[in-house]
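Next come structure tokens for two forms of one protein chain, structure 1 first, structure 2 second.
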Structure 1
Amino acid sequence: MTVRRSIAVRPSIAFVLALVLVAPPAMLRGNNLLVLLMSLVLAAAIIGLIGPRLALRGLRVNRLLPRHGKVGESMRIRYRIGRTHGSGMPAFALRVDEHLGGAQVDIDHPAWVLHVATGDTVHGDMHVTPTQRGKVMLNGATLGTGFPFGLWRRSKTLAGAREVVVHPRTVPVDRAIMRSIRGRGLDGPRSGRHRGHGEEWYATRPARPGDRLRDIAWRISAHRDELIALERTTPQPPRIRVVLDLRRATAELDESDLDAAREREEQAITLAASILQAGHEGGDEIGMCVLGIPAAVHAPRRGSLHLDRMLSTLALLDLDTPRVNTAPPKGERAGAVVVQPDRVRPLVGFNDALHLSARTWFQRAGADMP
């Protein structure tokens, strides 16, 4: 991205400097040209003071928020700026600034709208990149403009407080690892009692247009004197369960200092989120539980909403809460992966699970990983 150099001198400061340059000689020398120039500057100041007030009259702002954001990915916050009534003067060069709180974000560029006339509704986008998981608090949208001369900027806060959940960052997970996780549960796809296009069948029914020829049960059809089709089962995808083990307090982790330990915990969360994401993309049923911190337990399922819920759970994990030594839940029949921050420690009941430590993972992955 091109780095833009902001204008060093603010217009209001430039205005004051211009006045300082012109006013004393105008008053002392009695040169009417300078008095005229000074009059011009003062008149511009007066218009610059009134203009923004008129422009901001009757403006309304609504936010159109995304469902969630993701650490390291640009997030668009859209503002709907409308004007039902006003002073008659169209508003120009409107900038929306958000009072942000909560999770840290970098503002790529604020929302800016060229023109809003009476009766118009215009959309402006603010692009932010979250740098921390959690909740981004949007405490109020301030609509401001310096039009016409930019000498004085006037703004008013229009939209109320809202929040957006920022999911943890995800990194690519190797397919081999995903295969090894799946292999630790049921061996390959299995049949479930759902309709689909699998290999096994469980019922028959009268044939309908569109049925494939190989689905026709010819012998039964001959017997009943009508075309009968086979109902086949659908293949059930592999199931993966991610267990994020955060039972050890940050200070007890095998790290040099607290900051490194906290960083390692964040990496563990990132790794868990990455496995969930990879499983979802691979078509697996995914579930998750967090040990040590009170959080919802998610049974293995498929679907984007389910993934969002799990990532939101990870996003809202508060690592400052006191850890509890919770027992791991009795797992369903699923391939399990246990993610721990600093090093692998055996977990009762998960003997056949794949154990991963964030430290090993990210050290192997390379220096560019968080």
Structure 2
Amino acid sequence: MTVRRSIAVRPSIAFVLALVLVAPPAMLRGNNLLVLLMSLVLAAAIIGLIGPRLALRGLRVNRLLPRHGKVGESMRIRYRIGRTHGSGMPAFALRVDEHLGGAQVDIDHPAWVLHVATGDTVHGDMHVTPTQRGKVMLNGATLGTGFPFGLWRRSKTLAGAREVVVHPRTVPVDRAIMRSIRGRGLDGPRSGRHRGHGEEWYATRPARPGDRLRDIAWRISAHRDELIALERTTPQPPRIRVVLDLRRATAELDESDLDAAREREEQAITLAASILQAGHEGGDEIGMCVLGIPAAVHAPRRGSLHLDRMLSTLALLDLDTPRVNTAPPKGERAGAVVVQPDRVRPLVGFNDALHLSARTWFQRAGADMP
């Protein structure tokens, strides 16, 4: 059985070998063919040296960042590369390498552009997969090319530091758990403050075609020359409050070592984020507060931006911060769920709340974080 192996040869090494093989015979013998070959090799070297310089001249690069990233999901960083008219020759085989810092990420592939013509604008995408929540620091980028022969690669540094917040990883949450949380509210269904299709009365108005008979205010209509209809309020969705209890320091948790304790804290953050995501997808009003680490308190609301703010708060939690004995919030009209890292410790003032342990949750679900 014959095994064939390919050997990668750098263009610069190939150029040196060609020059070594062609130059001595050309200079010693003076053969026209050998001199022509040596001239071609030297011309290729000069073109390979000047070409990348001219290609990078006048290029404009803008970085387009996503609103946020998420652990375990691919994140796209887009680069818009353009050239104005009369500012250099067309560029080929451009590559953008980003200088990343902060949270850990895996680079799937860098941004690469085949061709940028004069007066044209193209886009190149860089795909990275965050493996840790927090901030990904983009400290700058390098735009380079080795076209046409790859003998010498030229590059230019793109200044401008930016950052992207990486949200925690989320896992599926059973619908029965969400129904149990919703059922622990103090009030149940409520009426809103806006017009809608609920059951409670909001205002009266002249009747319109299509109104139901049950929506007609017959007593009021009897004293007027027209039919008067009832306006209904919009029903309010259930409210959920997620309480992440991190008041115990990492070393005080019921775990064998510090690494296992820190993993439980990360799992607790993941579980809290998963409940928030499930509540948002279910149309609930969701809120969150963190105990033990200074963080913003989010009142129950709806909307994607509100969810992003809460996930960003979880993403930026520093578990190395000294813990403080934060007082739990006072009872409110919302179903509460208390998430704790190692084991359940009943929280004072949350007797009706659902208490969840991240260790028990992930062991039963078989979804331990890597």
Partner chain sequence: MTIDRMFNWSSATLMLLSVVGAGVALDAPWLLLAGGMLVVIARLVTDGPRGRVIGRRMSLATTLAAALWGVWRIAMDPGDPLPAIVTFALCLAVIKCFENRTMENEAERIVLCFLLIALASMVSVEALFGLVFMLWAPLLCTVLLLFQVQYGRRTFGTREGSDQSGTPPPAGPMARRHLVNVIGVSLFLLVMLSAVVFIVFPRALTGNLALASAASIARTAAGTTNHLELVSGTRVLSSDAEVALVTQIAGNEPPGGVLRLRTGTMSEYTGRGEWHPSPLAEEEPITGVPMWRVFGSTEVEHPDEFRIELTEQLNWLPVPAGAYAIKTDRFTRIGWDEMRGVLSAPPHAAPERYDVRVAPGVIPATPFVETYWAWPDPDIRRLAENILTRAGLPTFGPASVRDREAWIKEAASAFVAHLRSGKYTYTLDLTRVGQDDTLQLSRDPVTRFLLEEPVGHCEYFAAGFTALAQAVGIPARIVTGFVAYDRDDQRRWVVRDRDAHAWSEVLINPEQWMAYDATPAAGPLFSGPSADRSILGQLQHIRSRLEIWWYGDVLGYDASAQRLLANTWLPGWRQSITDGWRTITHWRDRLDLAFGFGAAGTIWLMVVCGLGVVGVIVLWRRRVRRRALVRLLQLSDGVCAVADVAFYGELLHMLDRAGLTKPRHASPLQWCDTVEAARPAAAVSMQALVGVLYRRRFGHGDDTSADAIKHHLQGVAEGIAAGRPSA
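One-based numbering along structure 1's sequence throughout. In this text, the rigid core denotes the largest set of C-alpha atoms whose superposition between the two forms falls within 1.5 Å. Here the structure is a predicted model, which means the values were calculated and not measured.
Q.
Just verifying the output here: the form predicted on its own should be either structure 1 or structure 2. Which one is it?
A. Looking at both, the form predicted on its own is number 2.
Q. Under a superposition restricted to the rigid core, does L64 display a Cα displacement of 2 angstroms or more between the two structures?
A. No, shifts by less than 2 Å.
Q. Hey, does F350 budge by 2 Å or more at the Cα between the two structures once the core is superposed?
A. For F350, whose C-alpha is compared between the two structures after core superposition, the shift is less than 2 Å.
(Q) With a threshold of 2 Å on the C-alpha, tell me if S304 counts as moved between the two structures once the core is superposed. (A) After core superposition, the C-alpha of S304 moves less than 2 Å between the two structures.
Q: Superpose the two forms on the rigid core, then give the C-alpha shift of I46 between the two structures in Å.
A: For I46, the C-alpha ends up 3.3 Å from its position in the other form.
Q. Following alignment on the rigid core, what Cα displacement (Å) is computed for R29 between the two structures?
A. That residue's C-alpha is offset by 9.4 Å.
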